[in-house]
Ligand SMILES: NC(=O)c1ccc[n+]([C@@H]2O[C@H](COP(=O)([O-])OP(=O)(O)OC[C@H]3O[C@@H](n4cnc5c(N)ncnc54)[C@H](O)[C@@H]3O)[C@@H](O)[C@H]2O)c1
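As structure tokens, one chain now follows by itself in the form predicted on its own.
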């Protein structure tokens, strides 16, 4: 594998929705990027031709260590994960294998080569069900195996960073959405709803449609990610990465319907199904710490973000069945 004179970075899960956007930004900023992805959920079509794709799983500790020793990355962005709450309920063991053992492999390899910076995407799922917007110091009471594995991951990252001397940032993402998010997987309700409306199909609202989430656009997430890399601290830093605004599920559906130009009535378009286990009733993230510490600011509001999602789906083959 040919070495680059530029700074090397490893992005696990770099063929996925968020990871592929991060890869593009790293390349634009002059990094030499190596992607670790087994393509079980990621897409080869999402991989930049300017990046090096290493097709194997983070659970393969020997292969992972060989890559880290060869590449000698200065930065590791760990986005490979089992990312579905429902998936974790159906198969908690698989969730733990990827989000627990897989993460440990990445951390051990990072410590072995003395990385400078480690970025760990956590989730609003670590908070569980909350009644008001929460800051980073709010008690953590996850409701699902996914939330539990993400919280355990935060502790592992903190341990390795403190004991092996690298800087680390934990980014607790809200509900990330945007162009490139597949509407055919269980995650990504904005893309799923938009896809169904564009195809003239009804959409299912879980529970009474009153559950509240914090939707954050992909480019704002990437901005926070890159600013976190520039942030140097002797302590592990934790940042909420959300819009700071809560949106009811039914209001999200109504906004997509309006932006799409759909004329079908709500009665024909919306159906209600039983609420899913393990899902929080509400979670909204206070983002003032990231704004004050990183100089970050979310720029894309929900209306504009949904307009971009609909535009992307119309131009792509993703919404065609």
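Numbering follows the first chain given and starts at 1. The structure presented is a predicted model; accordingly, all values stated were derived computationally and were not measured.
Only in words, not in the display: the form predicted together with the named molecule, which the text now covers.
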Interface stretch in the predicted complex with the named molecule - options 127-135, 160-168, 75-83, 190-198, non-hydrogen atom within 4.5 Å: 75-83
The unique member of 243, 237, 175, 247 whose heavy atoms fall within 4.5 Å of the named molecule in the predicted complex: 175
4.5 Å heavy atom contact, residue 260 to the named molecule in the predicted complex: no
Residue 211, heavy atom within 4.5 angstroms of the named molecule in the predicted complex: no
Non-hydrogen atom contact residue 41 with the named molecule in the predicted complex at 4.5 angstroms: yes
Contact of residue 57 with the named molecule in the predicted complex (heavy atom, 4.5 Å): yes
Residues within 4.5 Å of the named molecule in the predicted complex, restricted to 10-30 and counted by heavy atom: 13, 15, 16, 17, 18, 19
